[in-house]
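The chain below stands alone and is given as structure tokens, in the form predicted on its own.
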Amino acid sequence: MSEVLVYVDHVDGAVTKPTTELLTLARRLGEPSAVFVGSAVDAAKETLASFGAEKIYVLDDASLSEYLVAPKAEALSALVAEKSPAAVLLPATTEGKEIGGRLAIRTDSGLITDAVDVEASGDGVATTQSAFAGNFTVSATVTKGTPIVAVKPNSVAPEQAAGAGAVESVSVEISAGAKSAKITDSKPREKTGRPELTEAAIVVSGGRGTSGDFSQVEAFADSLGAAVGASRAAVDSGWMPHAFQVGQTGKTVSPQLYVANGISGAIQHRAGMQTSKTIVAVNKDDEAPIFELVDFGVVGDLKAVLPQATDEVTKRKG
């Protein structure tokens, strides 16, 4: 069975949920092999093996963490040349997509980004994407080189399957050209206690209808263990930082449940959330465009609806 390389997204060895999703998808295509960049593989090994990684390639070179993504793409291309995998899967994060693009150029291969499903198809890989703000579902295959696919978080439920998890150190020579942009400083983002917006299974967002008061939105999100998002209108008004913005010029989310509160449903916002599995909207305007795509809609004032919903969720949780 051919190998499928999975680029591991992690923070100091703590493997992120999108990586476990990629390993789940990789098992459909062949034998998953995780590609771990960094020195904390001991912290990640158990998780990677429990989601089916038969091999764990470790790239532990200072240049891979001291510089931006070019060295990582170069190292991954060397691994592709050596292993001839059936495919390479990466998370559709900003970093993942940039590595994928650079890798595609270096290996003369095709790249598909923002896939929401991946299947084996003959000798290749078939993907599904949601395009043009979710108005079209696109099926695509890579016809040249090694299929490189960046998959959106929350596209599949992670499923555990024991793998050997054999660790193999890999040494690569990074060129001087790949070291043209060096990281001079970094610091962890202040934690909110809520899940990361792009990885959350549930997202509760607020828009202009909040009038700047996100307390009801945040309380409802906390009752569900959800992340908090915001529309561009709310961000442009200075009510929430840009890091919370969901939409074409913000973050793209694809949770199991998306709850839009006081959001009209402009195309800019829809582009960032329309692939959510279940969409619920609360809006006073029964003609708001958001109601055209929801699975469940509530016509009402979010300031009256959300406290009741929060109380009911809290009561049922006991």
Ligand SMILES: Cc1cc2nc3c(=O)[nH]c(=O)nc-3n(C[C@H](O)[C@H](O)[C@H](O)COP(=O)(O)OP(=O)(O)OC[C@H]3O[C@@H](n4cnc5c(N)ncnc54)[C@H](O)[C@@H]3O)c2cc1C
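Treat the numbers as computed from the prediction; the structure is a model and nothing was measured. Each residue number is its position in the shown sequence, starting from 1.
FYI, the form predicted together with the ligand isn't displayed, but the following is about it.
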* Heavy atom within 4.5 Å of the ligand in the predicted bound form: which of Lys97, Arg194, Arg106, Arg208 fits that? Just give me the one. => Arg208
* Quick one: of Thr128, Thr113, Gln248, Ser121, which gets a non-hydrogen atom within 4.5 angstroms of the ligand in the predicted bound form? -> Gln248
* Can you check whether Gly300 is within 4.5 Å of the ligand in the predicted bound form, heavy atom basis? -> yes
* Evaluate Gln268 for contact with the ligand in the predicted bound form, applying a 4.5 angstroms cut-off between non-hydrogen atoms, and reply yes or no. => yes
* Counting only non-hydrogen atoms and a 4.5 angstroms cut-off, does Asn283 reach the ligand in the predicted bound form? -> yes
* Thr47: touches the ligand in the predicted bound form, heavy atom cutoff 4.5 angstroms -> no
* Decide if the three candidate residues Val6, Leu25 and Lys55 all line the ligand in the predicted bound form, where lining means a heavy atom within 4.5 Å. => no
* in the predicted bound form, which of 257-265, 26-34, 60-68, 39-47 comes within 4.5 Å of the ligand (heavy atoms)? -> 257-265
* Structure fact -> Restricting to 219-235, the residues within 4.5 Å of the ligand in the predicted bound form through any heavy atom are Ser231, Arg232, Ala233
